[in-house]
Every structure is written in C-alpha cells, then in structure tokens.
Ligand code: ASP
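We begin with a single chain expressed as structure tokens, specifically the form predicted alone.
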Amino acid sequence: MLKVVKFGGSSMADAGQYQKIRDILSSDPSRRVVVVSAAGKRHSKDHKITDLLYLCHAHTQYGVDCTGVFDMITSRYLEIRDQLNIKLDLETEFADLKRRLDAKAVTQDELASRGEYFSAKLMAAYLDFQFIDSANWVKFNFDGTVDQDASYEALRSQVVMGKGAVIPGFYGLMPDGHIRTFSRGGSDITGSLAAAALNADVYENWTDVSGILMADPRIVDDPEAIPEVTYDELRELSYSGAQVLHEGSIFPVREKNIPLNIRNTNAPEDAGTLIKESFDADTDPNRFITGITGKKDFTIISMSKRGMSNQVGVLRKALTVLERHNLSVDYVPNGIDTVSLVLPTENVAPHLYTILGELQQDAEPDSIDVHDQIAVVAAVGRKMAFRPGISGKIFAALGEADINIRMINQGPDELNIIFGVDNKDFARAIRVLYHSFTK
C-alpha cells in the first residue's frame, strides 16, 4: 500500500502544523510520499508566503527595495526551523537568493517557487525523509503542458523505496532549464502527478476542511461534508461554481483510476471526502443531492420564432454568431419555438448590441429578449433522473420561499438540475435547497 499525501498552505503555516503532519504520517506507514505547499496564513491578518514572494519580485522590477518583505519570508521559515529544532542551514540559501534577486537574476516563476522549495527542505529534514526537488522531475513542454511520461519516469528513478520522500509542489522545469510554476493552487497538480507516477493506491489531499462541502460555507452555516463523490460529480460541482480542487489536479489520478481523498489536517480523525470514478452503490440510499452550488451574474438571450422546431439550422446560426465573438455558451435551455443562450454577463456585455444585431440578421427570430442579473444554481447528484420527485421537491421548496425560477435546464447525463433565479435570490435559493435536502 502506498499513499501519496499533499499538504496545503494552511497545513504548513507554522511549527505546530508541522507537528500535526508528523503525527498524521506516523499513524499510517503507507503515507510515504509527501508533497507540500508554501507556508500559508497563520491567522486572518497574516500573509501567504507566495504572495510575499510575488511582492518581492514586483518591488525589484520597479526599483523598490524589498528587504523588509524578504526578511518577513526568511524569518518565517527560520522560526519554524528553530521551534522544531531542525538542523538545517537555510541562511546561506536565503542570502544567495537575495543577492540574485537584487541583481534581477531571478525570474518571477523561480522566486514564487521558493516557498514550496523551502517548505519541502524543512519538512524533509524534520521527518528525516528524502528531499526530491520538483525541478528534477516535473518536465514541462515548451507550450506549458506537462510531459507526463518523462516526468513519471524521472520521479520513479529518484524515489528510494523504503524511505519516505518530500516533494515541493507548484513548479517544474522547462526544456531550456528555467523553472516554471503552475497557476495558483498548482501544488495539487504536483501531488496528483506524483501519485500517478508512483501508481499510488490513494492520493490524499490534506487541507483545512473535512472534505468537500455540500454548499458554500459563506452562504450556508456549517454545511455537511460530502462522504463520496464521483469524478463526474466533482466536475459538475466545479464547473457550476464550487471552489473544489484545481482542475488539473484531477486528471492524472483519474487516468490511473486512483482514489482521491480530501482530508483535514486539523481534524485527522474525520474521514473526509472520497472521490472515485464510480461507486458500487450509494452508501446512503436517502442521499438525493451530492452538492448545491452556483454562480451569479449571467445574461440570458432568448429568441422566439414560430415553427422554429421545424426549421433546420436556427441554433447553429445563433451559436455561429457567438463563435465569431469568441464566446462559449454555458447553457442552452429551449422550448418548441424558443431557444435561450446563457452566458456570463462580463463576457457578453461588451459585444451585446452587436450580437443582438447579428442574431436578428442571421437567425431571423420573431423576437429577442435579454435578461441579466441572473444567477445559475445547480443541484448535483448521481442518477437524479431516476429518483422520482427530485425536481418537484426543488421547485416546491423554491416556490414556498417565494423565489421565482427564470430558467430550467437538465442534462441527459442525470447528474444535475440547473435553474436560474434573480441575483438577489441566489444565496437564499441555495440555503432553501440545502435545508430541504438535509433535513
């Protein structure tokens, strides 16, 4: 049994968190490969190390002295080292990095990656594990994609079996030898790549919540964690607005059919959320909804035309107009003689009047209506189409709360029911549905 475990910034914030990680690893000997993020916030007024590193680079580019900010970064890691009594010379590396920074000899990506680098160096020394620099195995192509085959082979050749390993997340190496970072949150990708490379039995992603929550905790007080979710459900939740995982972190482990377990460093006894390709059966036969999520600020362009259902090409013409403006459509609900195009307002607004004119000319509808200030809410769950009464329960709950439904859409994949409400009703709609399905 091999578990690759990744710890996020909140899990790496201070010496106390390092001790929690050591205890988590000691409780399960199969947790032998550890991927770490840069130190995150210790409290609400604190700074993430990665933010400070980006700030240092910006200072340098504009000729502003960044010594004060750099000293904040240095002292943070030295404090963790000294509190844990780790024997590791970091001063020399920090001094060299500062010299190169002052000389403008450090790229933004390399500087931003040092948070993960120093976290991993400290953690490896603390645990007496092998340190494997991600620059030595994560291989980028020139187009910014990861060469998975080369990366996997490189990692497998460096891991010493029988000894634990610590790997910094977030970065790798370009073919020209320069360090490149993933987008923010990219340590999740590094962990997923490591799990896939080593054919791990489980990839554990440790953070500060006990799994993926059924609803946004900023909207619903203390929402329940989802015990199980398929990769398809996760994709639906993420696309519909849930802040879940970095999208790129899913594909490597999904390709290898490796289960992904979201866990809480501060509550390691909680089972968290298990993510797999499929489950033999629902553990809870009464669970109808996996999660409820959504996004605000959509615009609906509705076209009506008598006999539209018998005319070939109307929808194609409408989509071609949007394609000319490089716009993708999120949802396309339709009726017999109507079709609606649902797009994020910020994308369509700059082109709206031009688009309306082109739709009138190309599709020749009898009428076009535009509705904005629309929020889209998605109720996601497995095989919802085969659960009688789900739609009725949703619409009844919203009706009782006097929330007007502006749009309805349900895909054939049985994974979601999507509806639009006014922006002002967004949070209330999510709360109403959550409490309706968790009573």
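Each residue number is its position in the shown sequence, starting from 1. As the structure is a prediction and not an experimental result, all values here were calculated from the model.
A second form of this protein, the form predicted together with this ligand, is not displayed here; the remarks below concern that form.
This ligand is not drawn, but in the predicted complex it has no heavy atom within 4.5 Å of S192. When this ligand is considered in the predicted complex, P259 lies well away from it, no heavy atom lying within 4.5 Å.
Mapping the unseen interface onto this chain, P344 falls outside it, with no heavy atom inside 4.5 Å of this ligand in the predicted complex.
Although the partner is absent here, P223 sits far enough away that none of its heavy atoms falls within 4.5 Å of this ligand in the predicted complex. Among the residues G186, G211, G294, P252, the one placing a heavy atom within 4.5 Å of this ligand in the predicted complex is G186. Listed residues Y203, W206, F170, F118 were compared with this ligand in the predicted complex; F170 is the one with a heavy atom within 4.5 Å. Note on the interface: of 59-67, 33-41, 400-408, 369-377, the segment with non-hydrogen atoms within 4.5 angstroms of this ligand in the predicted complex is 33-41.
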